[in-house]
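There is one chain below, alone, in structure tokens, taken in the form predicted alone.
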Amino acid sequence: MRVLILGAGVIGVTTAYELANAGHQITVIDRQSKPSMETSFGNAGLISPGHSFAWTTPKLPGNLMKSLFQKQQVFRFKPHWSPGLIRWGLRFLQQCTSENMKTNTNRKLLLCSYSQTKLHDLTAKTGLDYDQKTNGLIYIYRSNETFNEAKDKLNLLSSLDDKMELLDTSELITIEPALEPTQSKLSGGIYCKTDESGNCFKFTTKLSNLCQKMNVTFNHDETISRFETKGDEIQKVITNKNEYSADIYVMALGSYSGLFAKQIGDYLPVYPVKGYSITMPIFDVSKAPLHGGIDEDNMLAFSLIGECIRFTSIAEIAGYNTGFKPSDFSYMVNLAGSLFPDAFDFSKIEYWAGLRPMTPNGSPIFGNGTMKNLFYNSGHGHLGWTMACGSAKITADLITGRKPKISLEGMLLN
């Protein structure tokens, strides 16, 4: 079959790889000049089934309200008008119950674990190098309150029981000596020995190069203008440069998927949640962490990217604005320095902000909507790379009529 994939981020490229492996003729189009230039470019770099917890906790609505008055909140809402905000926002708030949090966490964990297995299959087959570190991730708790909450939340990850270690402060320092200078400010941690980190941009770029050797065509600098449809099928995708006809279409446009889905009569509940990252050289290797992980009290993720380190934080509901200024990152810079003092060269920071494509329940959307030859693979939120390889396999299975290996309850549009 001829398949046209819309979007060349990590979701689109992994889908191209799976479908090319199945013998299909694949074309990928993207508005950027090369693959992985949007959400996949500056993300946290973590592959973390051990952090599949749903964002939709009972506390979240209150935290979003506080953010209107307190600038240093990790979860933020900036009042704005944007297409779909009210409808999506109401669905999002409806998910913020204890019961929904448990359901959403278990669903995300199922997909994340499956996807990590598919990632391992891919790397074993291709030998792809992307600065991967497979020595586990650490989840750090600064206060007794958050550490005690973490103990309770671990029950939601029962399938990872043998892979998660609850650590007191001294045990945490033993695993991650770089935390010794801040030991007095920590209450404990969790070590998930099977979680990983790496460079998502490098992974996606190298995989796209491999796809081209498999006769996948990538057409960049093309912006989708409109769709031509007939009945319940897409006939053509029109861009600023070309017209494309295919047997099957896959929408992997991240935060913009909902806007394009609307053009063909579907409501796709995907909305952008802005994240920020800083990347800088490691100044003193002896003071830098050996593992990636998350400072849970501040939702500050960190990962080793070659000879650099990256910190990401903040979940900001602010529409489709990706702009930033260096002062927007001051809180993150201070937190990074307090966690690992004198380890990094803060004079050479690379700043970045991007949009996470969030659904109300935190799980992506697969399958068809109005058009029977269009398949969605969108809405992966903050775990896009963790979910990518599994999502690609699910999409390939659906296209070819095979039953996916995991349940898709809560992850289908219809």
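Each residue number is its position in the shown sequence, starting from 1. Nothing here was measured: the structure is a model prediction, and the numbers come from that model.
Note that the form predicted together with a small molecule isn't included here; everything after this is about it.
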> Looking at 39 to 47, 365 to 373, 341 to 349, 59 to 67, which lies within 4.5 angstroms of the small molecule in the model of the complex, counting heavy atoms?
Replying inline: 39 to 47
> Within a 4.5 Å heavy atom cut-off, is Pro360 in contact with the small molecule in the model of the complex?
Replying inline: no
> Any of the heavy atoms of Leu253 lying within 4.5 Å of the small molecule in the model of the complex?
Replying inline: yes
> With the partner left out of view, is Ile224 within 4.5 angstroms of the small molecule in the model of the complex by any non-hydrogen atom?
Replying inline: yes
> Does Phe260 make contact with the small molecule in the model of the complex, using a 4.5 Å heavy atom cut-off?
Replying inline: yes
> Here the chain is shown alone; which of Thr312, Asn104, Ser208, Ser115 has a heavy atom within 4.5 Å of the small molecule in the model of the complex?
Replying inline: Thr312
